[in-house]
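First comes one chain, alone, set out as structure tokens in the form predicted alone.
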């Protein structure tokens, strides 16, 4: 096994086990927590940010704290979701309770920061703690279907598919002045709720409230939030020719590249180890397994956040940080009182 002489705490991946390789200097794993050192060493680097997805690196942080942010994003950052459904009429083939559950899982655009939590389930709905919607639709025969001479369901019937776009917002009190219809309804207008046939009808009122993922998964603001350690690959012996191409195939695409030397040799070099999956395929070859050292940096986390759409990924992370701060402040206040 090759030791890594740097200042990064890491684990080295061997064929059948992992070996911890702490540097001689102090790290986040060995030193007592110091806020000044933490501010000096901690960094966040945004790698990419798309509409509902963000990838960023958290560098110089202990695993317990990284996992704390992940748990907070999943369970404590609130959103708005449909909680109660008043069904006046439902003659579709979907049972009332299944339909209500399906409606509750439709993500809403409403910004939860503009609303308050309900103190109890019996608290009255107000403009500050809830949103009201209506779903009223009836399937009927399309009388013009004979003219088209078509057997397609879409031509034969009207409103045969019930989509999330059919959910209409009913503003209460001053909500119409303070909120816009485009910022309140379902994230996607084409979420299929049910299929109907002539004679089927739905008439119901929907009430959305503010909640957290720890109460129900429908309130979680993320489709997923996960992290992994940064992979690191070092080639410690020169690999050339046919062996270089074999080495390249042992890793994920783009990790190893082949470099043409002026002498005409083709040697394997590390291009980008970031997206390697650490498959350890290199240990299948006796002539290659001692040429490479694979490791993971223990204080370098690659975070990925996929939002369901109510909040942007960066906002979700900031809210998680704010919630952790408030929890710490509350704990300190309790300790001081005691």
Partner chain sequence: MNSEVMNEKFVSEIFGDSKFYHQPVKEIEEKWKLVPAFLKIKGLVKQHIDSFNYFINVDIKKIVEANDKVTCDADPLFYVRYTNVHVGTPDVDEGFNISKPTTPHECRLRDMTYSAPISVDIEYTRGTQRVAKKGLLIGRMPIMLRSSNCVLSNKSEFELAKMNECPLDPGGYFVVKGTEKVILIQEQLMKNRMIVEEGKYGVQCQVVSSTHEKKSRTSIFVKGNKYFMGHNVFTDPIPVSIIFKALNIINDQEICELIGIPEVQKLIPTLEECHNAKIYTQDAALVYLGNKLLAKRYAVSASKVKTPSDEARDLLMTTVLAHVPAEGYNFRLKAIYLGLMVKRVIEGQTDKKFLDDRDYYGNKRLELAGSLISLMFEDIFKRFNWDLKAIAEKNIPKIRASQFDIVKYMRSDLITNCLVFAISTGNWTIKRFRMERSGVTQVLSRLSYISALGMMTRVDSQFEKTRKVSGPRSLQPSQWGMLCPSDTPEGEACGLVKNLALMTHITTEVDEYPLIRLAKNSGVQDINMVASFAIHSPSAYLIFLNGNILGITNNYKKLIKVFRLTRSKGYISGYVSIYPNHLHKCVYISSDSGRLCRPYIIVRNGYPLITEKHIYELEKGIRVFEDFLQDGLLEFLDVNEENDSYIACYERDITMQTTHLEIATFTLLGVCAGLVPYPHHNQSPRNTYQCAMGKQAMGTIGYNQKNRMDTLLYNIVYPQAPMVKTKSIELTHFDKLPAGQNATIAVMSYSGYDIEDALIVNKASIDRGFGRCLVYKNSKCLMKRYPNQTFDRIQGPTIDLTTGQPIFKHSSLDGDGIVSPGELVTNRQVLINKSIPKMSSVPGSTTTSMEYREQPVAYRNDEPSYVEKVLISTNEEDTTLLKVLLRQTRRPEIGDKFSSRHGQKGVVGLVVEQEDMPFNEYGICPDIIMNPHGYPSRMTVGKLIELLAGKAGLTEGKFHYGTAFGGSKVEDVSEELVKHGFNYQGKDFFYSGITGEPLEAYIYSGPVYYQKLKHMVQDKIHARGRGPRAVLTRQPTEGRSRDGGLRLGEMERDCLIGYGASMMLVERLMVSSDQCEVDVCNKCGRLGYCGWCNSCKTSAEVSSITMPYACKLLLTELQAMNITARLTLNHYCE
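Note that the structure is predicted; figures quoted are calculated from it, not measured. Each form is matched to the other, and the largest set of C-alpha atoms that superpose within 1.5 Å is called the rigid core. Positions refer to the first chain, counted from 1.
Although not depicted, the form predicted together with the partner chain is the subject of the following passage.
Participant: Scan 290, 34, 279, 41 and let me know which has any heavy atom within 4.5 Å of the partner chain in the predicted complex.
Facilitator: After the contact test, the surviving option is 279.
Participant: Looking at 170, 114, 98, 141, which is the one with a non-hydrogen atom within 4.5 Å of the partner chain in the predicted complex?
Facilitator: If I apply the 4.5 Å criterion carefully, the residue I get is 98.
Participant: Report whether the minimum heavy atom distance between residue 214 and the partner chain in the predicted complex is within 4.5 Å.
Facilitator: Residue 214: yes, in contact with the partner chain in the predicted complex.
Participant: Given that the partner chain is not shown alongside this chain, does residue 328 nevertheless sit within 4.5 Å of it in the predicted complex, heavy atom to heavy atom?
Facilitator: No, residue 328 stays farther than 4.5 Å from the partner chain in the predicted complex.
Participant: Can you tell me if residue 226 lies within 4.5 angstroms of the partner chain in the predicted complex, counting non-hydrogen atoms only?
Facilitator: So residue 226 counts as contacting the partner chain.
Participant: Within 4.5 Å, heavy atoms only: does residue 102 come near the partner chain in the predicted complex?
Facilitator: Although the partner chain is absent here, residue 102 would touch it in the predicted complex, with heavy atoms inside 4.5 Å.
Participant: Only one of 195-203, 124-132, 228-236, 256-264 has heavy atoms within 4.5 Å of the partner chain in the predicted complex; I'd like to know which.
Facilitator: Contact-bearing stretch, as computed: 228-236.
Participant: Quick one: which residues from 280-296 get a non-hydrogen atom within 4.5 Å of the partner chain in the predicted complex?
Facilitator: Residues within 4.5 Å: 280, 281, 283, 284, 296.
Participant: For residue 14, does the CA position differ by 2 Å or more between this form and the one not shown when the superposition is done on the rigid core?
Facilitator: Passes the 2 Å threshold, so yes.
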